[in-house]
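So this one's two forms of a single chain, laid out as structure tokens and tagged structure 1 and structure 2.
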Structure 1
Amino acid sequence: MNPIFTPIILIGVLIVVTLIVILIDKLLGGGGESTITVNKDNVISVSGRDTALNALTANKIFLPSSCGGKATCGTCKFRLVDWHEAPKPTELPFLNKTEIEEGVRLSCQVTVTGDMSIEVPPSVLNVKPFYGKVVEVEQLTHDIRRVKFEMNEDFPFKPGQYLQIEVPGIETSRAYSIASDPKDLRHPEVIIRLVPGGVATSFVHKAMMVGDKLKITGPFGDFFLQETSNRPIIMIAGGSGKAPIRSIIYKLIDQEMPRKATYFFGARTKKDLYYTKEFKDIEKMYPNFRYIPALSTPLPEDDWDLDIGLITEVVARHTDDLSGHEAYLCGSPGMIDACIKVLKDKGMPEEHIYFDKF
């Protein structure tokens, strides 16, 4: 073959391959305009092929996504309406049977290849990015810190909700429950436990300093105080799960504690307890409020003469008929599942049990 023709043939092959790729992309819905209808009445336009998560974010609809769209956090859920494509294997660990049947997906794993209709929690539509400056850092225990921010604008939230902090220098965000008084719109606080090997918590505990400015997105979450209810309240938390409960209690204080509220907090040893005096002082001020801390494995030097045992055991000892109550739980999935069983055994309807697993 004449060497002169070789480059021409190669160029021709590349052109043909490119045209085939473009054709396939168009057949799959890429390269054109698509629409996403959000909650029936909000229509956004999408150009080309992208994940639904990215398309929504580009249109200022912020679903929670602490892993940055890598399908490892399972928080960016939405429901596909009238178009139920089977979830990918990466999604299955985060979806239960009912969610799969109803068309719930992880938005980071859904590619926009045509027009679609979706449903997202209404609260998501109020989420937006903020910038916050670190104004206080307090060491509460050997592995738990409180961080207070000063926001660039009002940050309204419901007691129990959470925010996401973008970790500087890496493309990742992490979610933390808001621990502060919802009346203070400029200074949200978070309570963060150090996770060994955790990129975000290591930054908070070892590198974050007063004066740092961070991108914060929120508020997120459908776990919050049911303010129109008049049922007595049971609250259960462990570790950094104290954060949203603290915010809920601030709201109850603002309402002058109109309902009976009992707060059970579980820790391993005395060094894992914090804010004990704060909540015991609230107990003295409001007859309707009771704070019950418990240690599961107290050390001899703890000199502990209050409740001992798993928090489920302590709740069972201190409660009787709970059929007319409601509950707010925050902690690990195992703890919450065990607490739900105890509460249901005591007669509490499951629809009155609100929880935040992390």
Structure 2
Amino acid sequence: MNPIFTPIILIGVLIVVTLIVILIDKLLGGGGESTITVNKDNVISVSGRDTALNALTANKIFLPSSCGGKATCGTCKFRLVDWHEAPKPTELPFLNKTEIEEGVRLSCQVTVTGDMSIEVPPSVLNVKPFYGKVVEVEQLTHDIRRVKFEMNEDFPFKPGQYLQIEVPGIETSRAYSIASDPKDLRHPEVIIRLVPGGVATSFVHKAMMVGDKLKITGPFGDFFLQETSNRPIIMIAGGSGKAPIRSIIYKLIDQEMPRKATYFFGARTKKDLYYTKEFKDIEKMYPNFRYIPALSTPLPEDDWDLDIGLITEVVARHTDDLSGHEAYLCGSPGMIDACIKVLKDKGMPEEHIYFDKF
């Protein structure tokens, strides 16, 4: 063959291969325009093949995403309407049978490959980005810090809800329950426990300074005080789970503590306790309120003469029939599951038990 034809043949082959690649990409929906119809009436345009979570964020619809899309938090759920694609194995730990049947998915695990229709909780459409300047940092225990922000505008939240903080430089966000008085919408506070090696908590505990400006989104969450109820309340928390309960208690104080409220807080040793005086002082002021801190493994030097035991044992000891009560729980998944069992054994209906696990 005449050598002059070799480059021409090569260029021809390259063009054909490129066209095939473009065709395959188009067939898979890549690079093209798709639409996502949100809650039946809001239609947004999406180009390329991004995850639904990212596509929604780019269009200012902020689903919660407290692991930054790694499929480890399960907070970014939405419902795919008329779209039959089985959830990925990464999603299964976060979806129950009913959710799978109804088309609920983790939006960070769904790729937009064509037009789709979705349902999100209406409250999510009120979520927007804010900026918060760090105005106070307080070390509460050896591994827990309180951080107070001054927001660029009022941050409207219900007591119990959470916000997301974006870690500067890596644009990944983490969820933190709001720990402060819901009356002060300009200055939300969070309580953050250091997770060794954790991206966000290492930043907060080791690098963040007063004066830093952070990107914050919210408010998120369906764990909040049921303000129209008049049932007596049981609250149970461990570790940084004290955060949303503190906000709920501030709200009850604003209402002059109209309902009986008993708050159990579990820690391992005395060095893991915080705000004991704050809650004991509230107890002195409001006869309807009781604060019961308990240590599971007190040290001899703790000199602890109050409740000892797992928080489930302590709750079981201090309560009788709970069929007319409601409960707010916040702590590790294991603690919450064990507490729900105790409360149900004492007659509390499951639908009156509200919780956030983290």
Ligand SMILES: Cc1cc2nc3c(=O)[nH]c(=O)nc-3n(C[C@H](O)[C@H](O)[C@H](O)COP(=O)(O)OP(=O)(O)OC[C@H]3O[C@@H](n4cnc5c(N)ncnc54)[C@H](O)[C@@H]3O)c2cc1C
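Just so you know, these numbers come straight off a predicted model, no measurement behind them. Quick note, the numbers are simply positions in structure 1, starting from 1.
- Here the chain appears twice, and structure 1 is the form predicted on its own.
- A rotation of 12 degrees carries the smaller rigid part relative to the larger between the two structures, according to C-alpha superpositions.
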